[in-house]
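Here we start with a single chain on its own, the form predicted on its own, put down as structure tokens.
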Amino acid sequence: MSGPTTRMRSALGRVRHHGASGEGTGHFIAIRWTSIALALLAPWFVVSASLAIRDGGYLATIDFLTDPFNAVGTILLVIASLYHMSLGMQEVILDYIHRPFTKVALLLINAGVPLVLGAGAVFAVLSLNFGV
């Protein structure tokens, strides 16, 4: 009853999408998509902010961030940049930190700090727009 099991998948099919870390290509693709998003959002932000905030004043900055299009673009830029940073730092930690406790601690910090910074930035932009 417990005879030899036959597998219908080839050796390549069994290992596909599992890379050295077992996570597959998802991490690689996420870094590429955030890179594309940042390549579009960062120049947009620099150009539109420099054109809208010519005098560098506080009120001009508030006016820039209270425009709904600029607010959404700024939130997307913050989220994409912090996620891209977190993915890159995770790659560095996994590749170059060899002590297990240090690796786990740094991975937890890497998960927490961008989350807190992103939540604060999104809250700041939304509080400007909705007057919370």
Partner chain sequence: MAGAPRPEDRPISPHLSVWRWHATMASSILHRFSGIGLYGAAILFAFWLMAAAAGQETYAQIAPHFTTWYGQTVLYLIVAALAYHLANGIRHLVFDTGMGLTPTDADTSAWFAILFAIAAPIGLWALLSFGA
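Positions refer to the first chain, counted from 1. Because the structure is predicted, anything quoted here is derived from the model rather than measured.
Below: the form predicted together with its partner chain, not depicted.
K.L.:
Hey, in the predicted bound form, is S50 touching its partner chain, heavy atoms inside 4.5 Å?
P.N.:
Yes, S50 lies within 4.5 Å of its partner chain in the predicted bound form.
K.L.:
My question is simply whether S35 lines the interface with its partner chain in the predicted bound form - judged by any non-hydrogen atom within 4.5 Å.
P.N.:
Heavy-atom contact with its partner chain at 4.5 Å: present for S35.
K.L.:
Are any of the heavy atoms in E91 no more than 4.5 Å from a heavy atom of its partner chain in the predicted bound form?
P.N.:
E91 belongs to the contact set for its partner chain.
K.L.:
Would G26 count as a contact of its partner chain in the predicted bound form, using a 4.5 angstroms cut-off between non-hydrogen atoms?
P.N.:
Although its partner chain is absent here, G26 would stay clear of it in the predicted bound form, with no heavy atoms inside 4.5 Å.
K.L.:
Going through 30-65 from first to last, which residues have a non-hydrogen atom within 4.5 Å of its partner chain in the predicted bound form?
P.N.:
R32, S35, I36, A39, A42, P43, F45, V46, V47, S50, L51, I53, R54, D55, G56, G57, Y58, T61, I62, L65 sit within 4.5 Å of the partner.
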